[in-house]
Every structure is written in structure tokens, then in C-alpha cells.
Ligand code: LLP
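Given as C-alpha cells, the chain that follows is alone and in the form predicted on its own.
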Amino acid sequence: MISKAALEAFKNIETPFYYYDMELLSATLEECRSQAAKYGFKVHYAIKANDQQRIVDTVCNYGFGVDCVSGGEIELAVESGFDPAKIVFAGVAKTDAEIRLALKAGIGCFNCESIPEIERIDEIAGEMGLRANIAIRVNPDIDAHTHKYISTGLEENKFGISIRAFDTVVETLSAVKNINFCGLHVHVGSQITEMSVFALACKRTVDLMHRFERAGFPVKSINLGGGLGVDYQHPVANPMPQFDAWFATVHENLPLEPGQELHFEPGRSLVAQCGDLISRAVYVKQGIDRKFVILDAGMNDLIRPALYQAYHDVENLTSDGELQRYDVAGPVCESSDSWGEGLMVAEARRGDLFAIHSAGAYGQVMAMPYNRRPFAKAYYSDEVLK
């Protein structure tokens, strides 16, 4: 919830801007860390969710590792003080330069997503006189019941390797000379709120683990990725994701063998609810049958609604009027630049401040200067409220 003191400060800040509640971020990180510690689980922050330096530094202070998907993210993680041994490197198109960068940095593990990638990492590691730790990302063919753009665990997908390619994977692992096989990586998608999906992923992972072990490849490490969802419908009432249920579900459905490690890669669940996109109403206009509120924040600032048809709770912060129904839109010259149709918000007037909630993940990090609009700045509660 945005405090009265913060709201007063907002009146003097040019909109649109991102506002991060650092107290909520710290509370979320502490909850995740403490729940994972109950079972000895290891957590890596998916840095693609939000790469703002203040956010990254705060995550680092809690002792998490990092999940990276590019060389640039690896560089940011190392420069921010993360232990390279706690860095895992995913992504379907790791370039030669990125592989060399990761090997030179001494990262903990490559999450490999294709057989050609395994072979190329082996070649480059040999050229550098090093050995590379890898995990095989296997698609468990599970429907995560999320938007098709964020569902990644189906059998036929650009991410990961199909279970059907098991024999070829084993042949490849038997042939490479400069690779240490560490284990398995399984990630079924994002914004998952049904614990049954994670339970099924665990059972599929156990089956996979046994297949690799029978083939002579002991699985020392299991990485279940991320995917835990947040409450976009009621972010103020439910700011804390279900870390307890997530880790308990995995603990109950994936019994570890002696010496095995279990890793997770949350991103959205750590940072989504601490961030709000703050905007002003530029115009309120009456259409033929509908009322419109046009904000100065648009899809260039937060692309999720336009890209995924994603819902974000929209709140009029400065009105005490009765709830009315509006189509709330942004300023970008695209029909998809909409925050929602028929939203119930407090009576709107020109100049009212609006909050678009749950914007801490895949918000500012995906911003763009479309229509030559400037990037929204970031402000942090511990600075704004001094």
C-alpha cells in the first residue's frame, strides 16, 4: 500500500515513474530465504525480471545466487558482487563470446537447452583448458495453464530438450571431454498459481533423474527453475507470494537422495509486488457509450498488457470519489496500449495520480522509447520518504 507520505511526495515528481517499496522487497526476500532454508533449498534470482541496480544490490545482500540468460546479465551479476559459483546461465542461444565470458568468470553451471549447445560448450571449454559444469534442461511436457508466451515446458518448444531425445543426450554426454554433468533443469512456465503443476513437475523430474542414473549419469543437482505466480488481482491485500506452499509442495513430491542439491530460480515472485508504475491522468473524456481515462504511462513503460494481455490492478490514488467504470488507456499510438476496459476506479479528473500495481517484474526492464517517449525514472521508498 502506498502511504500518505509517499503520495504527498509523488505530487512533486514528474510522471510517469517507477516507485519501489524497498521495505516490501526486503520482507519478500526474507520470506523466500527463510522458507527455502527450512529444506536446504538454494535460490537464484532471475535477474531478467528486474535489473535495476538498487534492486540487484538488495537481492545480493540476502545471499541469493543469480539466474542469467545473457552475457550482459552475467557481467552485471559479477560486478554487483554475486558469487560467480552461484550463477547459473540459461538461454537458448548462448553465443561463443557469452560462453567464454561465463567460463572465464567461473560460473556455477550452464543450463543447456540443446545438443548443439552442449557440443559447443565442450569445444570452447577444451580450447580454454577448462571444464564446464552443465545441467540438461529437459521439457517435462506439462501444461502450466498460463499464457502461451510464458509457457515453456511443453514437449515442442524453443526452450529445452524433449524427453524423446534422451538417448541422443546420453550419447552426447558420453562423447564430450570437457564437461561435468551436474544434473537436470526443469522449468514449466511462469505465473503459476496451482501447486498441482509443481507437484506434477516434481514427479516427472524424479522419473527423469532415475533414467539418467540408470544410464550411468548420477544427478547431483536438480534445478526446478521459477514460475511461482503473484496475485495481480489483489496486490495490496496479497503482496506476499506463496513461498511456503511452493517449497512445501516440492519437498513433499521430490525426495532428494543423499548429497543432492535442489535449486530454484524465482524472479517475478521476488520483485513484482514491490514496484508500482505511477502515472497522471492527462485527459478524461466521454465516448459514445464509455468513459475514458488517458494516462501519461503507456506500453512503452510497461509492455505486459499489450504483449501478454496481462492484467494489472489500476488505482486512482488521489480521488475520494465514487467508483465509476472507465476504459483506462495510455498515450502510445497503438490500440493495444490499454490498461483495461471497464475498470472500476474512483471518479477521475485531469491530474489525478494513478498507480499501476505489480509492476516490479518485467516492467522497467522491458521499457522502450517507442514514439520517442523518455524512459520512466525509478524512485525508491527509502529515498523518497527521507
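Note that the structure is a prediction, hence the values are computed from the model and not measured. The first residue of the sequence shown is number 1, and the count goes up from there.
FYI, the form predicted in complex with this ligand isn't displayed, but the following is about it.
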Given that the partner is absent here, does residue 184 sit within 4.5 Å of this ligand in the predicted complex, heavy atoms only? no
Heavy atom of residue 366 within 4.5 Å of this ligand in the predicted complex: yes
Can residue 228 be called a contact residue for this ligand in the predicted complex at 4.5 Å between heavy atoms? yes
Any chance residue 191 has a heavy atom within 4.5 Å of this ligand in the predicted complex? yes
Only one of 267, 275, 160, 298 comes within 4.5 Å of this ligand in the predicted complex by heavy atoms, so just point that one out. 267
Name the single residue among 211, 120, 280, 304 that comes within 4.5 Å of this ligand in the predicted complex, judging by heavy atoms. 304
Since the chain is shown here on its own, which stretch among 42-50, 315-323, 352-360, 338-346 would lie within 4.5 Å of this ligand in the predicted complex, judged by heavy atoms? 42-50
